[in-house]
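So this first bit is one chain, no partners, the form predicted on its own, shown in structure tokens.
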């Protein structure tokens, strides 16, 4: 089914505020004075040519890199300086350009990995297989199957993750990120390597993620997907924001057209 635009809240709460974020490597600014706000319940795309600073921005938001300066406020809390696992536990999940699954674990087990930081059973209970631990494990299986159902992989639960086709491995990463219980999900090139049909299905899945109450940030090169599902688009070039607005505004912005040197934006 073709993804179609849904209605987003007009004046929702800002779940994320990025203020004057800057990161340099060897004197070169990968991200320079980047500021934007993310409204709760929206899908916002970040686009730009190769080397524009998109992945570095994600690394700053998720605690992989420390910025030289700037602020990231998530749900009213400054998260600069927090380690990545702490930021994840607060409710920010991420997928990566390069697939990072456990290929020799099953599809179900990969999703259950994402659930572990939400469990209550300690090592002693787990080793003794106490009733409370067994109940929690059953609940984890049920929850994991629910996330697999969102991305259409529930029938593949017992398959090895490494045996899945490339497109399904990308969807499994989305399911595992969902399992961490995010408030925000950062998707990094989720349509990379997907065919036209898989990309269209991905659009529906991202809508499904949003409909579960998760705010979505999308770094993506597939302009068809970006323009179809995003409410707002932010454009980076050489680490700086050159445009921000609705898909229609971005599509017709001369600065964006120049940055892409005539690349397809429709």
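Being a predicted model, the structure only gives us computed values, none of them experimental. Positions refer to the first chain, counted from 1.
Unshown form predicted in complex with a small molecule; subsequent notes refer to it.
J.: Which residue, 234, 34, 52, 202, has a heavy atom that falls within 4.5 Å of the small molecule in the model of the complex?
T.: If I apply the 4.5 Å criterion carefully, the residue I get is 52.
J.: Under a 4.5 angstroms heavy atom criterion, identify the one residue in 44, 40, 210, 221 near the small molecule in the model of the complex.
T.: Only one option qualifies, and that one is 221.
J.: 194 to 202, 222 to 230, 66 to 74, 53 to 61: which one contacts the small molecule in the model of the complex at 4.5 Å, heavy atom to heavy atom?
T.: Of the options, only 53 to 61 has residues within 4.5 Å of the partner.
J.: Can any non-hydrogen atom of residue 143 be found within 4.5 angstroms of the small molecule in the model of the complex?
T.: Close contact is absent here: in the model of the complex, residue 143 is far from the small molecule, nothing within 4.5 Å, heavy atoms only.
J.: Heavy atoms within 4.5 Å of the small molecule in the model of the complex: does residue 137 have any?
T.: Answer no; every heavy atom of residue 137 is more than 4.5 Å from the small molecule in the model of the complex.
J.: Whether residue 97 contacts the small molecule in the model of the complex should be assessed with a 4.5 Å heavy atom distance threshold; does it?
T.: The answer is yes: residue 97 has a heavy atom within 4.5 Å of the small molecule.
J.: Check residue 189 for me: does it contact the small molecule in the model of the complex (non-hydrogen atoms, 4.5 angstroms)?
T.: Residue 189: contacts the small molecule in the model of the complex.
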